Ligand SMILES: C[S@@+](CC[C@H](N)C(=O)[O-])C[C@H]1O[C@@H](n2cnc3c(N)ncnc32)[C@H](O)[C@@H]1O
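This document opens with one chain alone, in structure tokens, the form predicted on its own.
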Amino acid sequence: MRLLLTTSKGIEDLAKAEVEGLLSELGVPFRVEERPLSVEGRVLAEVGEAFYTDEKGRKRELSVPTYLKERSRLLHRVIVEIASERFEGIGEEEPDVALRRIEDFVSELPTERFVKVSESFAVRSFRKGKHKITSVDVAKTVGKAIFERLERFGKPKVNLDHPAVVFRAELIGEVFLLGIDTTGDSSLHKRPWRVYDHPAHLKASIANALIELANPDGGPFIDPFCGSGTIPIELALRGYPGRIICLEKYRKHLMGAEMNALSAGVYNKIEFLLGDATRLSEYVDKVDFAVSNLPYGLKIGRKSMIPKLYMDFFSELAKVLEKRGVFITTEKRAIEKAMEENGFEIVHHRLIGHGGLMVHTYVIK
């Protein structure tokens, strides 16, 4: 089985490591590759058959896609790959030519293996890059090719709202991928516990990536700009044994974080503090780890405030941080100056796709 796994750009290596760890527990042969065909935000897993023993001692086949969906914290979608192909020059072709190439390719695929005669299907599409065709064009073309293929075996049923089987067609640059999306219409990063939305909340997958980069070992942990609480809640859901502090300046957002923590069942595992991160040492004497999505852009209103805010915050952080900090922002110059002038060493830097932007991510000590 080949599984196409989606995640945020810039954390493919972390997702690969997570998937390898999960699959190793099954005791089956597997191979995991990040950025297959050089496509960002994708991980490919080739996995052998997995089995488990039920309560009556019978050997049963284990659904690896379901296993990953239930356990992963970094993935967005789990797609059973049917086929992939590189279409050289498709971005420059006229719509009718480009779509014909896709239709011809899909029409030769054994899609009937993935849909029972009694089941309905739909096609969801994703397109990224420079093309003269749209994602809607791709969905219609792929849907037509699949429908006509299935007509050979019976009467296909299309249900765009509540399909039994979802085909996912992706055209990313010159790479076309088709598979069965086992995830459904709601991405895995959209956690069911979220009942309050901060105007610029962090995806849960990215929150977990930041936690992975911090690698907390059980010592006191703080998110000094916790917003709706995504990072502390995801850490608590991991069963973190140490102190977890959620500091937020605005009462409305702090109450929202408390609501989310209640919904997630981890309210009693987190300390919620109303306070200003630029006076951090007034609230905590020391913490081992600090991880946060810093205010930037629309989150702060006036960008002219950012350099002083960062300088004041890192000045306070220097008084209390014992081990590592992980922070993301778009404001590269302001954060690097603030960290340098307050004696921090940058031990890792990467760009992560978040909210349509590539944000700078720093690990410091």
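One-based numbering along the sequence shown. Bear in mind that the values here come from a model prediction, so they are computed numbers and not experimental data.
One more form of this protein should be noted, the form predicted together with the named molecule, which is absent from this view; the next part is about it.
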Which of 196-204, 95-103, 121-129, 170-178 lies within 4.5 Å of the named molecule in the model of the complex, heavy atoms considered? The stretch 196-204
The named molecule in the model of the complex has a heavy atom of only one listed residue within 4.5 Å, and of T111, N293, T141, N208 that residue is N293
The listed residue (I90, A277, I270, L235) that reaches within 4.5 Å of the named molecule in the model of the complex by any heavy atom is A277
Can any non-hydrogen atom of Y240 be found within 4.5 angstroms of the named molecule in the model of the complex? no
Given that the partner is absent here, does R191 sit within 4.5 Å of the named molecule in the model of the complex, heavy atoms only?
no
**Request:** Report whether the minimum heavy atom distance between L309 and the named molecule in the model of the complex is within 4.5 Å.
**Result:** yes
Next on the checklist: Can you tell me whether C226 touches the named molecule? I mean in the model of the complex, with a 4.5 angstroms heavy atom cut-off.
Outcome noted: yes
Within 230-263, the residues having any heavy atom within 4.5 Å of the named molecule in the model of the complex are T230, E248, K249, Y250, H253
